[in-house]
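Next up: just one chain, as structure tokens, the form predicted on its own.
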């Protein structure tokens, strides 16, 4: 499946697309690339002439701390259909890198094509703006979760969010999805030690909320998991309406 189809599903969950919109999206010329675990997809502080969309697998927004080059903080996860660095289209550069989480495939779209869309397709332009705003809303919700949830509940919130985002674009169903994150990577995301993450995973299993083997996660009790996480998908803006 072409990345534009995942993105089309992302948009159609939230709004209607005209035939002209669909034709323009499907006519996008892209360059596909594959990456291994930890590979840099988009480098830090570099002005790019293209933006990146996820095709398969996951990627992460990775920040390095000044004076501590060996430390990193992960502030976002990207799933198929996500415009990973759409904000880089209008910014002079990125203050973070984007790295592959597990094996990942992406497609790059030239900024010249995005410029043409913004000049000739006002509805698609609003939807691109919407995508960047949802990305910002996810980041804010991560801050809220980090400040208000602890351990098992915090991890449960992350799992609920990732599954919901994958399900929206048809990349996950029936409570099953792939999350190729090592426990140290989960620790980077949640702000815990790997030992605390291990305990949180074990707790969710012991509660009968999920089954987790390697990268394969199966949610056994969605209501129980969402209740523990206090998960409310409103911030993902899944309401379908005219924009």
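Numbering follows the first chain given and starts at 1. These numbers come from a predicted model, not from an experiment.
A second form of this protein, the form predicted together with the DNA, is not displayed here; the remarks below concern that form.
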| query | finding |
| --- | --- |
| Check all three, 151, 184 and 199, heavy atom within 4.5 Å of the DNA in the model of the complex | yes |
| The DNA contact in the model of the complex: residue 35, any heavy atom under 4.5 Å | no |
| The DNA contact at residue 177 in the model of the complex, heavy atom, 4.5 Å | no |
| Contact flag, residue 63 vs the DNA in the model of the complex, heavy atom cut 4.5 Å | no |
| Proximity of residue 193 to the DNA in the model of the complex, heavy atoms at 4.5 Å | yes |
| One stretch from 116 to 124, 143 to 151, 164 to 172, 77 to 85 that, in the model of the complex, holds residues within 4.5 Å of the DNA by heavy atom | 143 to 151 |
